[in-house]
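In the form predicted on its own, a lone chain appears below as structure tokens.
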Amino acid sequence: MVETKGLAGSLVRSGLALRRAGLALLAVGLVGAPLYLPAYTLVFLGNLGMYVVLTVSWILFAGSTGYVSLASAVFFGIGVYAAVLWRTALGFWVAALLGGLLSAAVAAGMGVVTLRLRGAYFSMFTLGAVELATSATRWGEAHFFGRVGRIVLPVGQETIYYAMLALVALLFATWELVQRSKLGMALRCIGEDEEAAAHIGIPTTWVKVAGFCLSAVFMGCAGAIMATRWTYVDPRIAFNLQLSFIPVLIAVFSGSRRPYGAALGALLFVALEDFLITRLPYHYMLLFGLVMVAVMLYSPGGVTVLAGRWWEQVLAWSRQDRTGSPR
């Protein structure tokens, strides 16, 4: 026990340096991953990056304001169709950028209309927007082009991996900038008390629209990147309703409103999902649901809150080790 406490104390005293060194090693390892990881692991990391982008983008808006948006699939699907339409003519990177910008434009129009609603009404509208986008795209494809599905020119797995890695890094940097800006402060004020925020002069509707658009940009880019892996898409694949609920589930599962906690939750979530699908495909949904229920019952704040309690225990051991006082 004494040796354990001594080790914990050393780790805590050098915690900042260890954290920076760990982040640097992680960055180097991720950049060089295609050199030493098999193709399957790169595919897994690409999927993980997609879920991290969807979750952190969702938290960027919903975590601050308390507005539970279920429109993630709409913005992701717009990115998918940007790749469908412009991947061949303009190239992979321009199509991904256009996917983000188009998603932001749609989010602006949607936000001006719906962000005056609150609570369940806003969530219900955004959920309905997914079905509206699916049906409108299917009708447009069938009516104007005489078909529904389309082929997307693929790119290599390494390109998809690096594109998703760059998007995650850009999203994390944007998160930090927003949290230190007036926009981030205004979004948090709205989340705390929207009436009070309006009384002190914050243009609440336009602030919410700005946050909604910023969230949609990254979702649209992620959709355009992932479309080049799927090669074939149709409206049901592009506007997959699951992509509206999975970011919410990961946010609940992680219990964190910060990007690193959400990324940890996404890693555990995707690893668990991958394990259950490959090893226990016939019991996947049952077991996955039981795990989610167990997390909510025994750690209502999520797995990061549980990890935080363990870290506090380590700190307590460290303080005891320095002072020599009993616990």
Partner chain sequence: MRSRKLWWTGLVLAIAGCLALGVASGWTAPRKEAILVGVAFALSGPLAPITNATIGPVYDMWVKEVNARGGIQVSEFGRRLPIRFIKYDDKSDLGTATRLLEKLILEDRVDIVFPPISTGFLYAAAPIANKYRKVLIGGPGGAAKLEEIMPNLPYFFQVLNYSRSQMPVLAAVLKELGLRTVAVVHHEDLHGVEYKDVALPEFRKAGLQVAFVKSFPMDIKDATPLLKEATAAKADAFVAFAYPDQGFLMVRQAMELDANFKAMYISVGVNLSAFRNAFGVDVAEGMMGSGAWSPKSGPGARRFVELYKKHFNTEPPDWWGQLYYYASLEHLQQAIEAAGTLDNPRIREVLATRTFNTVVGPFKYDRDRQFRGHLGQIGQWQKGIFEVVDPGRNRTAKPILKPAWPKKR
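Positions refer to the first chain, counted from 1. Because the structure is predicted, anything quoted here is derived from the model rather than measured.
Unshown form predicted together with its partner chain; subsequent notes refer to it.
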| query | finding |
| --- | --- |
| Location of its partner chain contact in the model of the complex, chosen stretch of 67 to 75, 141 to 149, 118 to 126, 86 to 94 [non-hydrogen atom, 4.5 Å] | 141 to 149 |
| Partner proximity in the model of the complex: residue 173 to its partner chain, non-hydrogen atom cutoff 4.5 Å | no |
| Residue 157 within 4.5 Å of its partner chain in the model of the complex, heavy atoms | yes |
| Touches its partner chain in the model of the complex: residue 284 (any heavy atom, 4.5 Å) | yes |
| Residue 245 within 4.5 Å of its partner chain in the model of the complex, heavy atoms | no |
| 4.5 Å heavy atom contact with its partner chain in the model of the complex for all of 192, 258 and 293 | no |
| Residues from 226 to 240 in contact with its partner chain (non-hydrogen atom within 4.5 Å) in the model of the complex | 229, 230, 231, 232, 234, 236, 237, 240 |
